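First, one chain by itself: the form predicted on its own, in C-alpha cells.
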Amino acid sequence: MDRMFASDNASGAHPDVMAALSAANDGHAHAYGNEPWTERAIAVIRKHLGEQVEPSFVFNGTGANVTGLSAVMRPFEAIICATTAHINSDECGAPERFTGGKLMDLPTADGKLTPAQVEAAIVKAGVGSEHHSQPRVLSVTQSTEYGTTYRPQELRALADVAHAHGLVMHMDGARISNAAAFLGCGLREITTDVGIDVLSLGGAKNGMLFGEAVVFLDPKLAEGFRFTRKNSAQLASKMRFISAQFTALLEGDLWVRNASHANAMAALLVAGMRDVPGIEITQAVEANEVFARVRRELIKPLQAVSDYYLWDEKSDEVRWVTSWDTQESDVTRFVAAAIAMAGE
C-alpha cells in the first residue's frame, strides 16, 4: 500500500519493534505484566522520567487518557483543556463517560493554552459552589493537535497555575517524542522537570504496533490505579507484547530517531508547499503535522495522489501528517503534483 499523509497511525511498526515482538513471542510468560519484559520496560521509562515514577501499560491512547484522568477525578470535577484537545474533540465522549466529570474546553489559535487563560477559567468556574463542576485537572497536549509545541518554560508556567489552585497537571503525550525531537531535549525536561503529574506516554504514532503507557510522575496519584485500569478494560493479559515494544523504542535512541525523521519530512513538505499558488500554511510546523488552507478544487485531486484529512471543511483547511517511515520521494512526489495542479 502507498504511504500517505492521513495520519501517523497509518504507518506500520518499525522493524526493531517487530523484532522485539517476535522475541517476546518465544515460550510462555506469566500474564498481566508479571514477567521480565514488563519489569524491563518499567525500568527503561524510569531512566527517562525519574526513578520515582509509576508506569502502567494500556492498549491505546484513549485508554491512557481516560484511565489516567479517572484515577485523579471525582464525578463532580472538571478538566480544563483546549477545544482542539484530543480528549475533547476525538474521543467520542469517553473522558466524560469514564471520569463522570466535565470537560471545560478553551479556544486557542494554535492549540496552546496560556496561564492567563487558565487562571481566568478557574476563577469563572465557580470554585466552591455546589452548583458548578469543580476544576480538578489541567490537561495539555504535547505536541498539540495543531502540531505546535509547548516550550519547557510554558509548561512550567501552566503547571504553576494549576498547582496553585490544587489542580492536577495532565499531559496527553501521544506525540511527545516529536515534541522532544523538535525542542532538542529529553522526555524528562518537558514532563517531570516542569511539573507534569500524569502523562499519557505515546508509542503507536512513533513506530510501535499498539500500546501506550500511563505514567504517574507524582507516584502518590497512582494509588489504586491497577483497579482503575482493570475496571476500564485496559489491562492486557499478554502485557509483554506492549512492554517489549516500549523497551525497543526507548532503551536506545529509536524513539528520537523516528520522531526526528518524521519531523524532518514535515519540514521538507512545508518548504515545498509554502510557495505553491492556492496553498497557505496556517500553523507553525514544529513536529510532524502540517496544516494548510488549500484551494477547494485542489483538495480531492491531491487526496488521490496521497490521502489526507480535510481538517475544517468551512475554511478548506487540511492536515498532512508525516511518519517515521515517510520517504523524501513521498514528499517530492506530492509537492510536484500540487505544483502541477496549481498551475493548471
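In this text, all values refer to a predicted model and were calculated from it rather than measured experimentally. Start at 1 with the first residue shown and count on from there.
Missing here is the form predicted together with a further copy of the same chain; even so, the following discussion is about that form.
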Point to revise | Interface membership of S237, a further copy of the same chain in the model of the complex, 4.5 Å heavy atom rule | key: yes
Review point. So in the model of the complex, does any heavy atom of G63 sit within 4.5 Å of a further copy of the same chain?
Key: yes
Practice item. Check whether S133 has any heavy atom within 4.5 Å of a heavy atom of a further copy of the same chain in the model of the complex, and answer yes or no. Key: yes
Practice item. Although a further copy of the same chain is absent from this view, report whether D218 comes within 4.5 Å of it in the model of the complex, heavy atoms only. Key: no
Check your understanding: Where, among 226-234, 138-146, 263-271, 250-258, do residues come within 4.5 Å of a further copy of the same chain in the model of the complex by heavy atom distance?
Key -> 226-234
Study note, to complete from the structure: Of the residues spanning 295-320, the ones with some heavy atom within 4.5 Å of a further copy of the same chain in the model of the complex are D307
